[in-house]
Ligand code: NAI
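Before any questions on how it binds or moves, here is one chain, the form predicted on its own, in structure tokens.
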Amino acid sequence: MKNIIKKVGVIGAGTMGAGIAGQVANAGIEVILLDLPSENGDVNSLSRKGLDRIKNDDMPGLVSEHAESLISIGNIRDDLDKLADCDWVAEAIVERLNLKHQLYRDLIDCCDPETIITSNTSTIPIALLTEGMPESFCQRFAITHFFNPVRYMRLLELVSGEKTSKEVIDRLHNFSEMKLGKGVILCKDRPGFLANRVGVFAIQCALNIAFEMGLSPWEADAVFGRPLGFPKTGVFGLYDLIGIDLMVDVAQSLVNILPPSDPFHQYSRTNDFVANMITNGQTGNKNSKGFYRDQGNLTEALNFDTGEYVSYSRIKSDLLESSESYGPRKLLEDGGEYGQFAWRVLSEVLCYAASIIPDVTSNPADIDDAMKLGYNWTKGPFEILDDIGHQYFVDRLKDEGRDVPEFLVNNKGDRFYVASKRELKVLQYGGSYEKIMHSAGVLRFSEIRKTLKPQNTNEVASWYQYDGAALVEFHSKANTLDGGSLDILSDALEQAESVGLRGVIVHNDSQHFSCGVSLWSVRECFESEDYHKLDCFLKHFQDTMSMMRNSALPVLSAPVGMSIGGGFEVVLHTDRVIANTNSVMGLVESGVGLVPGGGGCKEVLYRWNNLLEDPRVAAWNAFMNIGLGRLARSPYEAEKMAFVTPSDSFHINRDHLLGSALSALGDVKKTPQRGTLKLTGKSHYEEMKLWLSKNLDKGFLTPHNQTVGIEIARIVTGGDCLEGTLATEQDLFDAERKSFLRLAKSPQTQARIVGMLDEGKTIRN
């Protein structure tokens, strides 16, 4: 059998099929995307729509124009023969067994005898999919269950049948991990596999209990979200995101395949309110109205008593904030309605996760991984149990007269995860602790951290010593930066150099690397009118960035998710960036009425000057990138914006970043010190101000956008100075700081920051 997958076919150009094709193309692999033929007009209209779907600017499934060029489209009537030389064909058509069987018979006739065939199904058992098929087909058939959106969701559930060859599973596992960037979990052929089995139960449970308790969508989502370690969409927001009608179908599919005794059936029913919503076309984000709807800058939510949309305010609760930062135990112990809701939902979800052991898997780490990689949970069910206390959980269940799952009854240890000799082990169903094993190249800081003691730590950041390097982690809410973050970073730089470590790596395993400087810290300063404190923070920020650049040791960043605002300024000052392909980078401060204050303007200006011969074009590019808050959502876009250098690299599998960064330390060359820069001066400054004025008159900018733009123009041109005036790196640092403080004092910027923090809204003033 062939060892390398060089060409892939995907049949079914719906959301999942198109997404799979897009991710294969992102890996640099040729793809053929087929769907049914259309009788009128463009015969390939369905597959073309699939390709257009992954080119959507709001959620792009492709990383570059080159990736798009690797996808060819067609239809299964005219183009099935083009699959003849494919090494793998993935089927993602409708969940109708008769149609799948007919397609498989056609594939047997047209494909190479060694072509791997897989289905994306999560509802039809593999035994039924292969029923009546030749044994040679069964040996090369498997289920590859991807999650939507395929580019961004890390999980792939890989399921083998009784006759599937180990070689086929090994090839799919290796290709999916190394080329597609997936975290692969080998699943038994059980209903819903792992992620949907637990995830859909959690969603249905939270929705039904919220209705029962009379909680509003915004209240339920405030609790069943970040305070419990789940995505901020909560339950009603997630229903809208997935599509309310689709979510009902997903729940029904599990009803159809789960045994009658399964606890899922208690929460599977679609209540009358939700059924009426579907009838009324209120099916979620795809129809711009579901449990929530956007009305200009205002988001409204349904009032369950009246059925009308109403405005609402974000829930402000110290209980929820503290739970988000320190874990849910305090929230679970609270007797108020939010605490009761949290306990009722979480206890059901954790019990359900424990109840499927050992039938679905004997390893709790598989369930935890499935929920983190497939549903973006911060922690999996058994990690949450470790946080809140296994014995506390069991005792409370017993006090309430509830059944305790066998796996929890038989667990005699205090924790499911234990560190032993710098190895992380997890409790198995049989009662033994076994080392967590991964494929070669996979190195997760979230697991390593459990085996290490921090060299220095505070509430927002820590640094550890590992493999001869200092590993710096931000761990505040959204990993925003404040003085404590900079204290840890500067201490790691000092200590790493003094004790002779190999270098410093800034990295974390969170959803996002860093979403910028803490706006709460900025707000605290302007509300107390302590602008000296704010200036000192900015100076500390800039000095720490200089310290990174001037350190004798190599300093690397390995960002995942969003590296924006101040977080991206950290990335810009490292000697090499080893990022995930899906990393989002950019300086977005203009959106809240500020400018980059930690050297972001300076670095972007220097980079454009290094790339271009014309200082005016360089300054203009910097002005546009920063002023418009442009984001790079792929390596291709980052390169076009001068956000990365030729020495920087991107990896499709985020679990490979840390290992790559550690391996690269010996090869990294320090970034040369910044010299003087020729500023473009007053005439160019006036040209930028004129551009701002014209776009204000056209309605493209607001008055405060113009004000912010003038400050950015002042920084990148030098303002009223003469053309050709030489500026040092410190001159540009100083200019940033002055503009930042000037804007922070303005009522318009303050209104934007307050609106963002209190309501999550972007104010256009």
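Every value quoted in this text rests on a predicted model; they were computed, and no experiment measured them. One-based numbering along the sequence shown.
A second form of this protein, the form predicted together with this ligand, is not displayed here; the remarks below concern that form.
Only one of 552 to 560, 683 to 691, 598 to 606, 145 to 153 places residue heavy atoms within 4.5 angstroms of this ligand in the predicted complex, namely 145 to 153. For the residues Leu696, Leu36, Cys721, Ala727, the 4.5 Å heavy atom test against this ligand in the predicted complex is passed only by Leu36. With the partner omitted from this view, the residue of Met437, Leu298, Val94, Leu128 that lies near this ligand in the predicted complex is Val94 [heavy atom within 4.5 Å]. Shown alone here, Asn120 lies within 4.5 Å of this ligand in the predicted complex, counting heavy atoms only.
In the predicted complex, this ligand lies within 4.5 Å of some heavy atom of Lys100. Contact between Val24 and this ligand in the predicted complex is not found at the 4.5 Å heavy atom cutoff.
When this ligand is considered in the predicted complex, Ile753 lies well away from it, no heavy atom lying within 4.5 Å. Shown without its partner, the chain has Gly12, Ala13, Gly14, Thr15, Met16, Gly17, Asp35, Leu36 in segment 12 to 43 as residues with a non-hydrogen atom within 4.5 angstroms of this ligand in the predicted complex.
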